[in-house]
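Just the one chain here, the form predicted alone, laid out as structure tokens.
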Amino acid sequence: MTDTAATDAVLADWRAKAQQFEMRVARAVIGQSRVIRLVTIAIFARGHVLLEGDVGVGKTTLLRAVARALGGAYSRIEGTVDLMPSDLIYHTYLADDGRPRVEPGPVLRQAENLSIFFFNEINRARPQVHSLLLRLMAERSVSAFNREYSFPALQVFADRNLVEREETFELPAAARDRFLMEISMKTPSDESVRRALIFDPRYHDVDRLLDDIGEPAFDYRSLASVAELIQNRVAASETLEAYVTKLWEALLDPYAAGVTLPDVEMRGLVRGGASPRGLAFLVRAARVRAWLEGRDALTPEDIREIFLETMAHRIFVDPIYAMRGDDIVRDLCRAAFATVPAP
């Protein structure tokens, strides 16, 4: 058997495991097939995820289900205005004997077994906390107690409070750029799913839902090596590379590329964010999407399918238009697709 054939056999086996993973998560989280697929892409692309959605749509249930189907340890922290960077690493208290004690915090408690770390309402935490989180995300390591702690399997998931504005801190560009994807999780639109979520007692007990997932779908400690195989095996043609480059140019300078939006001055609209790292993350995620679809080559559809989730949060526009929220960036991405011809 050739090396290529052996690699294809390994990746085919892992594709079946990835599909089994999605099926198990879907036992606990219904009506969110696209969100589950995007999370699966992020996991095999080894990227971090920022979740957005209204209160009560099931973000925490999703992440607990992902952690159960993935294996490894799950940890969570709540973003608050008084949270300090050290609170992620350790906490202190007075024991029954009156003496101070120091215990590992949510990051260190599970040590190298930590696979999912969920930061709830990340924008309630101060920028100092974001700085420590950036290192954890970028390097998968922290320094504490005079030693270095490594988290080789770690993936960070976070969500933002988009309702209240008091005592919140907007994430800086560097922090948002560290997330591979920003995924919007909305209330399911299917009427039968809505009825089930409201009236079926099964969906009122999260612990019972998680028990239905069963054993992990695969060994999470092997994800890094499988992710590398996917990136090396899924090819991009010169035509596809030229297409992605043209999209990048359209986002860097929409005016020069002929991209237009109603009632928007395109000259100087984009202030930054469409970086080489962002495009590299885009291609990395697109390769995983192609692999999950059973292909060993990228297509324009792979790029389109994950473009908004991987690119929109990295693009920063003139403050005059930033007041419109994220919609203008998403409109810009769609306009770029409409302007740049697909091969």
Partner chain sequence: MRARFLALSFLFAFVAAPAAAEVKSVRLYAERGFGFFVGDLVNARLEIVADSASRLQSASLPRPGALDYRLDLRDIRVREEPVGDGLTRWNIDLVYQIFYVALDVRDLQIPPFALRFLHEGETETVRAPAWAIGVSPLREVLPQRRDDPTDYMRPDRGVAPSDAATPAIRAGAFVALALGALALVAHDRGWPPFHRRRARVFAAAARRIAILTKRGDEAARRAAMLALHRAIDDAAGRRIFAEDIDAFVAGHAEFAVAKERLIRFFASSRALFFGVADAGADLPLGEILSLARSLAAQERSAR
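None of the values given here were measured: they were computed from a predicted structure. Residue numbers count along the first chain shown, from 1.
Keep in mind that the form predicted together with its partner chain is not shown, yet the notes after this line are about it.
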Just to confirm, with a 4.5 Å cut-off on non-hydrogen atoms, which of Leu70, Leu298, Val288, Ile30 contacts its partner chain in the predicted complex? Leu298
Contact with its partner chain in the predicted complex, heavy atom within 4.5 Å, among Gln128, Thr260, Ser237, Ser225 goes to Ser237
Location of its partner chain contact in the predicted complex, chosen stretch of 299-307, 40-48, 274-282, 61-69 [non-hydrogen atom, 4.5 Å]: 299-307
Within 4.5 Å of its partner chain in the predicted complex: all of Tyr243, Phe337 and Ala342, by heavy atom? yes
